[in-house]
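One chain comes next, on its own, written out as structure tokens in the form predicted alone.
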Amino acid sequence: MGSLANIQSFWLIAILVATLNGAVPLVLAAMGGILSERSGIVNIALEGMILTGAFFGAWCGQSSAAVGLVAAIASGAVLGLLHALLTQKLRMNHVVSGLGINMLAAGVTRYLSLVYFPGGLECKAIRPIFFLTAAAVLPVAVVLLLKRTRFGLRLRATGENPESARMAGVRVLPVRVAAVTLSGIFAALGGAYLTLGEEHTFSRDMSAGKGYIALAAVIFGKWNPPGAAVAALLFGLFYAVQSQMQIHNLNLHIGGVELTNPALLDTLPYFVTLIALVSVVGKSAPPAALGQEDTDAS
């Protein structure tokens, strides 16, 4: 009985640790997604921002983890600024812009990794507790930013009714640019966690859909930081479950189907994400001006 209790305790601890590890990049990117979308800009570019942050964090972190972290943050800021300018200055559809940035990030990181690091690369490490602390603090910080600061008030106003905000003296374009730039920084920080905090190396397409899942957490959490953080933890739990089932080679068959097949288990977080999104369709109201460009941007 004692050994069984020890095994169960070890299993629960392993699941908890894996859940937190899986949730960290999702929480960081989701907080960025909230800032962007509460300002009125749809941001499916979170995926590319995570991937770019991971790559530049590893590339510039070969000699110094601090340099890698700064480079990752800078790369996310650049992509955030690009997304803001494409959607607000050039009037590009927000989803098209986001997809374009995701494809750009995937192509550029793949090319650079093949040309400059065909044998792979290793980077210095930052203790995961740094990123875990950031993921724990950031939802509270975003709540305070949105509700207790002048910038947060203006950001929410631009996301709900930019024309009224403009009549009240708010310059919509700078607020949205700042919000999406911060969005890129937070998402890239999640990418830096993957390389500097977890893997200590870069692999192509290592973001593996985490940006899309983070955006799903934003929607599932109804554009509310604590809600999005809880949703990210839920998705992180399913990452943990599928990884632990593969590690321990558990076998479960129902109706002749091997439910614990590694290929099937890898789809579990995405399947759960889809179910979560379906469950909130029609039950949550996004910012009223979400997806609209600034008509006075020029």
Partner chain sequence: MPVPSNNQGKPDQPVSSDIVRMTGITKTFPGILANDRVNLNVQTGAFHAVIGENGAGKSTLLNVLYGRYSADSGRVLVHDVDVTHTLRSPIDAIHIGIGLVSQHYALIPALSVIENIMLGSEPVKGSLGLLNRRNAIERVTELAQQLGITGIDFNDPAGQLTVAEQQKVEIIKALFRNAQILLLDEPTATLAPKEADMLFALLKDLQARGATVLFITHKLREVMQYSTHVTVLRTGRNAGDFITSETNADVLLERMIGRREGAATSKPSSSPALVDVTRPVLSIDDVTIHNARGAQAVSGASLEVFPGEIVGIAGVDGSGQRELSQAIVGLRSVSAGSLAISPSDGASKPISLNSLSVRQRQRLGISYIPEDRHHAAMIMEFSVAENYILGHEDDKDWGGGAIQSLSKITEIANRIVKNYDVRMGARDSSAIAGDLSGGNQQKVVVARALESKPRLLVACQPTRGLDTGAATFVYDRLRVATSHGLAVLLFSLDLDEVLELSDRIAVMYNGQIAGILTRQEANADRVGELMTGGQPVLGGPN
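Owing to the predicted nature of the structure, the values given are computational and were not obtained by experimental measurement. Residue numbers count along the first chain shown, from 1.
One more form of this protein, predicted in complex with the partner chain, exists but is not displayed; see below.
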item: Site test, 161, 165 and 171 vs the partner chain in the predicted complex, non-hydrogen atom cutoff 4.5 Å; value: yes
item: In the predicted complex, the residue from 77, 134, 157, 101 that sits within 4.5 Å of the partner chain by heavy atoms; value: 157
item: Of 125, 153, 143, 95, the one that lies within 4.5 Å of the partner chain in the predicted complex (heavy atoms); value: 153
item: Answer range among 188-196, 144-152, 112-120, 82-90 for contact with the partner chain, defined in the predicted complex as heavy atoms within 4.5 Å; value: 144-152
